[in-house]
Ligand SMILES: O=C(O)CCC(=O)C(=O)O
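For reference, the chain that follows is the form predicted on its own, supplied as structure tokens.
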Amino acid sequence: MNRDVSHSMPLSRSDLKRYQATGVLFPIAVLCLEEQRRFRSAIDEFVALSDASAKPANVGQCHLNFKFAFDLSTHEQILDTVEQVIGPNILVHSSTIFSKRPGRSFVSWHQDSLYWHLSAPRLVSAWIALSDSTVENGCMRVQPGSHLRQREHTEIHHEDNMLVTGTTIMDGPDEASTVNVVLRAGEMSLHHANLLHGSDPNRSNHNRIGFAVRYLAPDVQQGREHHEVILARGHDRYQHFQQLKDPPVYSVRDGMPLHVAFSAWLNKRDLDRGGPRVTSNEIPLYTERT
């Protein structure tokens, strides 16, 4: 695939066939050098401020509270690519910052769809690399074709697992068929909601930085309650989710108190385990967004 962002094209028919068959597609060039620097700088600042606080802010749902994360989640070239996979109507369902430090941290093998109980697996995750993502620094690993069936999971809690829930498939991946999703900074991968994936520890001397965004077709219903979503493109005539009314305007530093309060509230409500619906007017500080 062409790595020159300025000349990148929408996914080809063969790309789409490959995605349908394997559940994963990469590398896809999306960010120019200036954009890479902007978004990487913002994430580095976010990580530094989180590390400095007594109670680190949650790495999830930054697109609801920070301008940089909103802008990255609604990036036109990313949306152009996602549209070819799930259609012209696109919701930003959720997001996560991944800053994997050198050490023992890993992500257990799992399928994302387990969390949300979707009525149809029309959710695609874009994993956007803000640093090179390599085998040495613990890039995502996938098992192509595993999206064709759901697997049994259990919860195995481990202090080094970056998945707080400890969600882990019961029978393990087929190691012989796993693929390393190696990306350069500015590239992204797409993977299906049911794709089996995980990652190994970072054995390099530098952080591996990425931003994952999940995109959902509006007609899909969800069995578990959810925070607000963003209508990134098209229309939503189904209204299964509450939508964010106004884009966030905060810088990382200015938005951090808001995000810490928001994250604490979400964690308290424990949405992944079926807690009641959260709306913005219920969350301390959240209604102060301008």
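Given the structure is predicted, the values throughout are model-derived calculations rather than measurements. Numbering starts at 1 and runs along the sequence shown.
Another form, the form predicted together with the ligand, is not on view; read the next lines as being about it.
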{"item": "is_contact(E187, the ligand) in the predicted bound form, heavy atom dist at most 4.5 Å", "value": "no"}
{"item": "Proximity of S146 to the ligand in the predicted bound form, heavy atoms at 4.5 Å", "value": "no"}
{"item": "Contact test in the predicted bound form: L118 vs the ligand, heavy atoms, 4.5 Å", "value": "no"}
{"item": "Close approach of A129 to the ligand in the predicted bound form, 4.5 Å, heavy atom", "value": "no"}
{"item": "Segment that reaches the ligand in the predicted bound form - one of 168-176, 67-75, 82-90, 98-106, heavy atoms within 4.5 Å", "value": "98-106"}
{"item": "Heavy atom within 4.5 Å of the ligand in the predicted bound form - residue from V182, L114, V220, A212", "value": "A212"}
{"item": "Residues H110, M140 and R208 all lining the ligand in the predicted bound form, heavy atom within 4.5 Å", "value": "yes"}
{"item": "In the predicted bound form, residues of 175-200 near the ligand [heavy atom within 4.5 Å]", "value": "H191, H197, S199"}
